[in-house]
Structures are given as C-alpha cells and as structure tokens.
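Here you get one chain, nothing else, as structure tokens; it is the form predicted alone.
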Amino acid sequence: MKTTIITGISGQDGAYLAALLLGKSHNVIGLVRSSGTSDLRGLEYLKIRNKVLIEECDLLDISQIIKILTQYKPAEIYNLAAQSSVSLSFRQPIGTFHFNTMSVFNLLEAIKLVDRSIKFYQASSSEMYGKVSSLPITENSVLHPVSPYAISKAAAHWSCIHYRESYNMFICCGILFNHESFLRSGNFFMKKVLTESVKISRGGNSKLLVGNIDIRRDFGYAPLYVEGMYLMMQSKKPDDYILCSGQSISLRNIIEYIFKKLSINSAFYEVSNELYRPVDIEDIFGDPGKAKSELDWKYSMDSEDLLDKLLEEELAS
C-alpha cells in the first residue's frame, strides 16, 4: 500500500485530496504545524478524520521534514501548505514570502537528501501570471506577479523547476485557478459571499461588504481540481499543468446571481473602498487544454453550474 504525505491537510484541497487517496487505498499522513490549533473540520465533514494520520511538522525546520520522510518513507508528497491569502500578503509580505518559499526549499532539499524517488506535487497558483498581455493563460505565458503572495508562489514554482531539471526529481506543479467548495476558508471571496448571502436571506447579516467587484476571475469546483492534481502525479513524466474552467466571470455577476437565487434585493450589498487591494488583476482566465489532452482531466462545469452547486452545499449546511 502506497504511503502519501499531504501538507496543508487542514485546507479544502487537503481534505478532498485525502478522501480521494484513501479511496485509492493510500496510507495518508497529514502534516500540520500544531495539532492543538489546526482546524480539521474538512476531514470531519468528509467523514475521514479517523482514517488520516496527523503528524506535527514545522516546514521551516528541515530536520523535522527529514525525520518524517525517514520514518514513513512516502512514495508521494503533495505540498498544499502556504500563506494563501492575497489580501493578507499585502499586510504581511515578509512572512508570506518567507514561509511560501523556504517551506518548499526545505521539502525539496529533504527529498534530495533522503530519497530522490519520492514524487512531489507543488501547489502553484494562477496569481503568478498577474499582469498578462493576452488571454487565455497557458503554461507558457510570462509570469508578472502583482502581489507579495504571487511573488512568493512564483519563486517557489521556479525552485521546483530547478530541482526537477538539476536533480532529475519527479516534481509536478499544479497551476490552479480559483477553485471553490463548501470547505473553502471564509476569508476567500466566493465563500464570504455565499455564507453572508445565506445569512441575509435568513434574516441575519444586514449587509454584504465587498471590495472591487468589477474584476473577473476563472472559478472552478475544488473536488474536480483535486482529481487533476492526482492525475499529474500518476503521469510518466513530471511537468506543469494549468487547471481551470477556461472562462471568467465578474465578481459583481456572482453576487447578483446568488442574490437573485435567494431573492435578496441588491441594496443588501455595498462596495467598500477599504476592501480594495493596492493593485488588482482586471481579468484572468486560463486554458486547461494541456491537462485535458495529456492527463485526460475531465472538467465541464460552467459558472452557473458551479454557483448552483456551491449554493446547494451552503444551504445544506
């Protein structure tokens, strides 16, 4: 039975990935920085908490990583751990860059020292592309990050390519565009809109406060994106792949669609200048053609299908 390690097990991707791997008879070990403070509700929601072994490991301490690799001898590692909030990265740029780069360096170096046959997946991000000159984005588009988070992800991404090319290691980078589910953290736009809109519809929150909602983003469904991550690691040759829906939708249209579904008057949302970022990407969407053709990744949900699914999950909670 294959042993697989997942960092960032407490996030939505970590929980869905753990469920997928357990279904394929993997032994799953989830790494957390502190078992006392980590939120594992995603594993509980999917009813797999008792099937995943949780280990404490500070990814900024390479000696702890080496100890884990030596003890469990994993065949694969999925690195999903990061400071992943773009907004927070503007307030904490140094901490964001330090963790998102050094944790990856430590994981790669530990694999190089312990066992170079260990397959490694890095969660890269569409934010790396930032200010693009043409759409859709492909794996060959030029990186022009516009946030501290995006800069840190770009640095980690190139570090992975360096180790893959220099040391003949199996390293895949999944360049995922926005992907959502019920398990999405509340500090992300889609989850915030869904939870607060449902509260408003039930007589709760008085108003939904949002920032710049005239930007457009490429959104998809997280459980299906996790399947793409798994397919990358089963391929014969490691490479980088974009996972996305291939279309963008404005944040304003998302709010209006959900409000209409819940019969909420548009007066119940308000744009706040305080929630604007110092710089933002106006429109971004990708081309998933490479993943679909080379990995046989199947994704066909459009924006309305996604919003209906997410709203259904939120209302059922």
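Bear in mind the structure is a predicted one, so any value in this text is a computation, not a measurement. A residue's number is simply how far along the shown sequence it sits, counting from 1.
Another form exists, predicted in complex with a small molecule; not displayed. Remarks below refer to it.
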38, 81 and 177: each with a heavy atom within 4.5 Å of the small molecule in the predicted complex?
yes
Examine residue 9 and determine whether its closest non-hydrogen atom to the small molecule in the predicted complex is within 4.5 angstroms. yes
Item to complete: Give a yes or no for residue 33: in the predicted complex, does one of its heavy atoms lie within 4.5 Å of a heavy atom belonging to the small molecule?
Response: yes
- Task: Examine residue 124 and determine whether its closest non-hydrogen atom to the small molecule in the predicted complex is within 4.5 angstroms.
- Result: yes
Residue 99 within 4.5 Å of the small molecule in the predicted complex, heavy atoms: yes
From 184, 119, 216, 157: within 4.5 Å of the small molecule in the predicted complex by heavy atoms is 184
Per contact check vs the small molecule in the predicted complex (non-hydrogen atom within 4.5 angstroms), the hit among 192-200, 165-173, 149-157, 230-238 is 149-157
